[in-house]
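Just the one chain here, the form predicted alone, laid out as structure tokens.
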């Protein structure tokens, strides 16, 4: 069967919608168990041998950030109406591999308290599962993705097994900030990350391009295409450029019968299956369910609770940067090598959790400094000497609580390239997030000033950047009146529909979510396998 044959297969065991890390992992897990699997992906395949060219595109200032992976246009249209603009098209990628094609690669686990926010603090809600329930799947996910890490974090949740690879050593600029933290009694440690510190799983060790975000040319950084290739090697069929338009259910409204998708020429097809797994992320997953409304489900599929699209969360991102009168070695690494989780497990309900990471890419690169100045000859050399070499910076990811009015709906006033209403994103931050941000920013300033830096930028507490981690829009719970999926990640309303995504997170903590997505997906795959 050719790569351009996008006709549906005869009724298969499992139809997976989305080819990001969750889609790839569930497809591989079920295919290697012997099931017949089809994956439908809205975006294109991205050949590995194009990645150097994409890196060069990123380095040339004539190209916009979104051009690296072809984001935007009618296909990716959306509207944003909340307190803070949501920059969806600079954060997500539609393509085989999904948004992990340009993720930074950090893979911390959530802490036990993240599963118990209502019990511990009287805030938000508890997860219907505990950290210990997910613990074996965390270890499996670290092995599957390839995580480099060290057991030097005194604040980390419990684990029994070592990381698959040793951690990367701290950078030169880490040593500057580490000394400042020591004066402030702040413990610093390494960052677990899905990036090869040695050859692993057929992929090379990191060779130091330093362009991990937005593209890793060597393939040392894990992305979702790894498991898509493994799924295909086990017999799964993957169709690209086939956006799913809607899901159709049986006359009783108990089971999904088909995913209706469109090919590049606009032709619609029906892919039938025994089980369906929607793995489209926290924006497109609720959108697809809302687009799949019917006479039985007039408010959208799997939405008898009214929770589909609600409780949108992200991690609030705050940067604080400064200048030092000494070389800091930025742009030599491309990813963080040291962080502190000292402020994560809080005692009071507010302020909440955050962590601080040391940036290794603060300030302009030599190319950016030269091209951004506009001068010539000695002038440009002087400009480069002024702007390159002394930058230093920190980032903080801050916890946001779920709010039913922070949500994804359909915007009937604007349609995509197939005539479907685009997602309308109404993102609100909340008082808990802002109070936590103020503490995080103070901590970041203290570290930089203790290091002797002159602070030249700090993200305002009331106007955070997006951590590019949308979560919560098809939340998990035991009560069908308040949640969309059960602890198996199967929808309460339809017995053969599973959701694998950060959209199932009842709360989001402040840790990067992809490892938790992978762990939940591995757990869900076991349940789907048992149902087949």
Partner chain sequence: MELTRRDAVAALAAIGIGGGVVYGAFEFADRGVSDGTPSGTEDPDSLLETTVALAEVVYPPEVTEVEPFVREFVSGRIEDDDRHTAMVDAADALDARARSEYSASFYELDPEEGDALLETLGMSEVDPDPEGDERERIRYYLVNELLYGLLRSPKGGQLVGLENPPGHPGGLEAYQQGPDR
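Predicted model, so just to flag it, every value in this text is computed and none were measured. Positions refer to the first chain, counted from 1.
There is another form of this protein, the form predicted together with its partner chain, and it is not shown here; the text below is about that form.
The partner is absent here; in the predicted complex, the one residue of 370, 262, 324, 180 having a heavy atom within 4.5 Å of its partner chain is 370.
Note on the partner interface in the predicted complex: the residue among 34, 480, 61, 44 having a heavy atom within 4.5 angstroms of its partner chain is 61. With respect to its partner chain in the predicted complex, the three residues 56, 211 and 332 uniformly fall within 4.5 angstroms at the level of their nearest heavy atom. Of the candidate stretches 411 to 419, 151 to 159, 195 to 203, 339 to 347, only 195 to 203 has residues with heavy atoms within 4.5 Å of its partner chain in the predicted complex.
Residue 298 falls outside the set of residues with a heavy atom inside 4.5 Å of its partner chain in the predicted complex.
Proximity of residue 378 to its partner chain in the predicted complex: non-hydrogen atoms within 4.5 Å are present. Taking non-hydrogen atoms only, residue 305 never approaches its partner chain to within 4.5 angstroms in the predicted complex.
In the predicted complex, no heavy atom of residue 253 sits within 4.5 Å of its partner chain. Contacts with its partner chain in the predicted complex, taken as any heavy atom within 4.5 Å, map to no residue of 461 to 500.
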